[in-house]
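Shown below, as structure tokens, is a lone chain in the form predicted on its own; questions about how it binds or moves come after it.
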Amino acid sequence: MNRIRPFLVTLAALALLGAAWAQTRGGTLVAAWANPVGLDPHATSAYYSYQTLQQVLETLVDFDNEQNMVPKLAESWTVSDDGLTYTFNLRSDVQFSNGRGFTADDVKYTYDRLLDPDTASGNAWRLGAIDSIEVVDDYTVVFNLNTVNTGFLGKLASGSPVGIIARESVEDGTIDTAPVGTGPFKITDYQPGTVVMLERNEFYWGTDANGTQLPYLDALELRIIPDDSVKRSALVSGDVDWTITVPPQALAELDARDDVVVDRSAAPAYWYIGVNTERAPLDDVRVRQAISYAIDRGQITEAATFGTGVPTQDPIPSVSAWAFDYAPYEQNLAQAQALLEEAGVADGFDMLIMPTTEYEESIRAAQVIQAQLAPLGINVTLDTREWADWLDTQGQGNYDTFVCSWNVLLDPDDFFYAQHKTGEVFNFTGYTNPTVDDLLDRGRQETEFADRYAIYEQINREIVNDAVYIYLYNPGNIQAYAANVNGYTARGDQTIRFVSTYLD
């Protein structure tokens, strides 16, 4: 017996190791998701599209969980003394999910397509003015900039909108439904409004600290569930393992459960009222300022987020080093009325506000805004639309005002450039301010923090004063998942990544 016992102990230990392996390898994570609006990273502007693509596409450089710049598809990089030339040395062990090797040609192809005017990408603004992209050899690529862009590396780390794509998915026409990337998963089925299915990329290059190939999961099933309360019910009933949004009114109940984890981080994001500056009387800055004076942001935030957001009058949250805390608009109905009288609309006017069914908090916010503007005679009608219709209507400029958010914003340029630079694709309000345009260009070229801070502080003040965006609150980044989901963390940059996630 004594000689057999050590052997039995060894077998028991191996069995435990096998059980531990089984906990970290395999299985399908079922996530309550929302509907992507196209999966071409150069064409879409939808948050849920980007988060889907986050599992598929990778960038040259990346941010870690503490927002430090780290290598990704590029092992290293150098920047010329004049700040105009960026040279990237690429990994040589990377394959796309179709098995083809990744090279510098793929980097050039991706960014040439992104910057091509015929592509008309809303994400081209991220890169600024690029003179040329040169392939030196299979694993060296050079970006030559026309002007200094201090935030250039950060833009290259801004997630799936600038992720590397394989040209095959453009050439065969599947770029909008199943783009091919180098990421941990590949899309195998996309049924709009129903589900996105992803399977492990068998060619994925990434490994964990022990050298084990990632990802751990066999597959992801992203179920399209538009209603947040249904997402919550699916989570607590065990129908899904993870949910991309949590109804804020359910947070206390979910926090109290032993079988659910509520994961929070600060969000580099803001919610706002976008105002069409090309429609009277909203084209008058005094009318826009009157609206900003009339609203109570605390009430709006409480109704929209059930206390999980932080009221704000400018976009950058207080946790950021770039926060300015400019707040000239405490609620003042008398001041609002005086501005309306100066603008010649003392008796008020009719106004549409456009929320979307995709974000229930946009409807709750719009309802409070509607009530708060009524004492001024501003008769607000809610024009609530499905997400795809909302995006199209916004893009065509066929609105008075809308309620929405901007997300995944890290550099101060991210908070202002695409939204407020004259003629930019995402400048849906028609806003133009030569002072802001000049400052935005200068902000990209300034390298010293203090000088750059002063530039963006002035940009922030100009835009808040012009009330083209009427800022409401900074949200939290909140996800919830079953207690047997491990290796997932709500990230400070809002990107959702399942590469290290596994199921107990």
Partner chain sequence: MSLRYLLQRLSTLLLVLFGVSVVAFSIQPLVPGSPARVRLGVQATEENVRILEEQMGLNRPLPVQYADWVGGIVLRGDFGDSLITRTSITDEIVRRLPATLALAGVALLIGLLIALPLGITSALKPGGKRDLSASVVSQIGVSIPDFWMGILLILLFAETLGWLPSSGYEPISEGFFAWGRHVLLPALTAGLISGSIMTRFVRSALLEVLGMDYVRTARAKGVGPRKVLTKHVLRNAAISIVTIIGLQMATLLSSVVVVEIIFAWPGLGSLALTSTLQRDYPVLQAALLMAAVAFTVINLLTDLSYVLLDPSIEYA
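This one's a predicted model, so the numbers in the text were calculated from it and none came from an experiment. Positions refer to the first chain, counted from 1.
Another form exists, predicted in complex with the partner chain; not displayed. Remarks below refer to it.
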I need the one stretch from 92-100, 203-211, 135-143, 170-178 whose residues put non-hydrogen atoms within 4.5 angstroms of the partner chain in the model of the complex. 170-178
Please state whether all three residues Ile224, Ser233 and Glu386 have a non-hydrogen atom within 4.5 angstroms of the partner chain in the model of the complex. yes
Among the candidates Asp392, Glu341, Asp112, Asp325, the residue which, in the model of the complex, approaches the partner chain to within 4.5 Å (heavy atoms): Asp392
Scan Leu333, Ala120, Ala256, Ala129 and let me know which has any heavy atom within 4.5 Å of the partner chain in the model of the complex. Ala120
Does Thr194 make contact with the partner chain in the model of the complex, using a 4.5 Å heavy atom cut-off? yes
Touches the partner chain in the model of the complex: Val37 (any heavy atom, 4.5 Å): yes
Within a 4.5 Å heavy atom cut-off, is Ser45 in contact with the partner chain in the model of the complex? yes
Using the partner position in the model of the complex, report whether Thr147 sits within 4.5 Å of the partner chain, counting heavy atoms only. no
